[in-house]
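In the block that follows, a single chain appears as structure tokens, in the form predicted alone.
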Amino acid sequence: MAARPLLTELADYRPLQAFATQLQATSIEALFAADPARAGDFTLAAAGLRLDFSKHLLSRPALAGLLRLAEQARLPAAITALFDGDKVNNTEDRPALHTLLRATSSHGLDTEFDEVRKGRAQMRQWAQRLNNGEQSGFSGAVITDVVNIGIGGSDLGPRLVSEALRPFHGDISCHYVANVDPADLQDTLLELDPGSTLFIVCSKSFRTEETLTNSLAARNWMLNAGASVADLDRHFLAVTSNLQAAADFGIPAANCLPMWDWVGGRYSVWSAVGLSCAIAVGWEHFEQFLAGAEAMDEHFHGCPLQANMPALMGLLELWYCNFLGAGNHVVLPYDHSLRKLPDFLQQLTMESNGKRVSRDGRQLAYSTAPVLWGSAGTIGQHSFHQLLHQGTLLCPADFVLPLTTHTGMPEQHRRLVANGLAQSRTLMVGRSADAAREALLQRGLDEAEATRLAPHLAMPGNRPSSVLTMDSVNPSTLGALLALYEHRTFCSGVLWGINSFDQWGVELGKEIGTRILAQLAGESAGGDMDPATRRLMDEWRAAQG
């Protein structure tokens, strides 16, 4: 993409600052009262999802200004460049082709799409082979359990999808290991039988420290159970681009599925990284997952900004981060199956947009990438919602609310929906000091005590939230949901003038970790470490006896 002006250089930046100041003196309730059509007009539908963004501290003129800002930031051209396969990842000189992973046509990228089709064919072959009971282990037992070993994007996406689509699972049980802490792998393997377990090692380089460490431990577990080195190909697949390293481990090329440089890990669940998901839910459902994402891609690529769901969510993120001073964003899925969604979105948002320089290396004088956090409702209501309602931080919220349940317990689901809608409304309306005092009087407190306690019950309200609904959590709507947040993240990055597709910030910690590991193993001296780190290393050595 060509160089773009920075956010503060755009013509509508200063007018939007003025709008923000004006809106801070009003309320969302007042905006509703002055605009009867607001609830309907501030709602969008796309790819099976519906977004209600009417409960935001946002007027029609401010929204128009944000849309002009997006035009000035050349967002439409950036969207086109993404889908055309331009090198939008300018620091690594490569495109970002995650949309091609779920596409049904090449969009002019014939060579890459041919690779995608071949990768899908391999995925389908393995998914069907395992689900048909055609893969046996060294003991002759049929494979019944699959363990995905990865970290970051090779773990968070597949783990989320598998958990969210549990009602669609077949007979194969899928498990996930990411932490290099040996307890993670050990706890997973405790109830598994080596003879009927298959591992999928997800590592582009086949050298990711945490993944390789866990994979070697899994290999030893298999060998100690009686498998021979020649048997490993019955129990291990790899998703990697380093075929030689996989072969040295004992995984032949026929058991390796591809990873490409033009797909970042946090955007890779649509690729062979999602093989465990395809095994868990079956190939037909995995194709529906891809189709839901492609439907959101088509909406994002073809819709004007004023009706474009990812673009508007990106503009809302920018609005609160840069004009209203919110340094965080909370995601609240009111469906237990989506409990891992905040974890997935943390990486997507903060690894993509946690940058302090522009695409051309200029230092940025404004905030990027709010801290993203959250938890499943109603668990969060008994944990951190106190801060949302009465704390001093402004926390814009996304409520993700499926309208039906797979559980067969409609009354319990009705209570869940009521809780979600109530929390969104409560954030907006709050409770005045007078209303709090009156409520205390109705509880039987005397005048003096009600007056004393009223400030503690009062809630400021005017706290913004979006409500994102879908008929149910199914493969298609889940695909659309993840693609929606991917594209929202891209839009925010374009508006901030940064590259959302590199992650250089993770490199230095890996390098220093390698040096510390060598020093803990006695392979080198620790003279290049600071005194505090040396002291902690000495503590570790002493604890080893």
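For every residue, the number given is its place in the sequence shown, counted from 1. What you see is a predicted model; the values in this text were computed from it and never measured.
Omitted from view is the form predicted together with a further copy of the same chain, to which the following refers.
Assess the spot marked by Ser59, Asp114 and Asn308: is a further copy of the same chain within 4.5 Å of a heavy atom from every one of these residues in the model of the complex? Negative, none of the three is within 4.5 Å.
Consider the chain as shown here, without its partner, and state which of Arg124, His107, His169, Arg425 has a heavy atom within 4.5 Å of a further copy of the same chain in the model of the complex. Among Arg124, His107, His169, Arg425, a heavy atom within 4.5 Å of a further copy of the same chain in the model of the complex occurs only for Arg425.
Which listed residue (Asn242, Ser139, Gln128, Thr378) meets the criterion of a heavy atom within 4.5 Å of a further copy of the same chain in the model of the complex? Selected option: Thr378.
Just to confirm, Gln288 within 4.5 Å of a further copy of the same chain in the model of the complex by heavy atoms? Flag for Gln288 set to no.
In the model of the complex, does Ala34 come within 4.5 Å of a further copy of the same chain, counting heavy atoms only? Heavy-atom contact with a further copy of the same chain at 4.5 Å: absent for Ala34.
Any chance Gln17 has a heavy atom within 4.5 Å of a further copy of the same chain in the model of the complex? Taking the distances in the model of the complex, the answer for Gln17 is no, it never comes within 4.5 Å of a further copy of the same chain.
Does any part of Asp248 reach within 4.5 Å of a further copy of the same chain in the model of the complex? Heavy atoms only, please. Looking in the model of the complex, residue contacts with a further copy of the same chain do not include Asp248, since no heavy atom lies within 4.5 Å.
Within 4.5 angstroms, counting heavy atoms, which one of the listed stretches 140 to 148, 227 to 235, 185 to 193, 248 to 256 is next to a further copy of the same chain in the model of the complex? Among the listed stretches, the partner-contacting one is 185 to 193.
Going by heavy atoms, what in 367 to 393 lies within 4.5 angstroms of a further copy of the same chain in the model of the complex? Stretch hits, in order: Ser367, Thr368, Ala369, Pro370, Val371, Trp373, Ala376, Gly377, Thr378, Ile379, Gln381, His382, Ser383, Phe384, Gln386, Leu387, His389, Gln390, Gly391, Thr392, Leu393.
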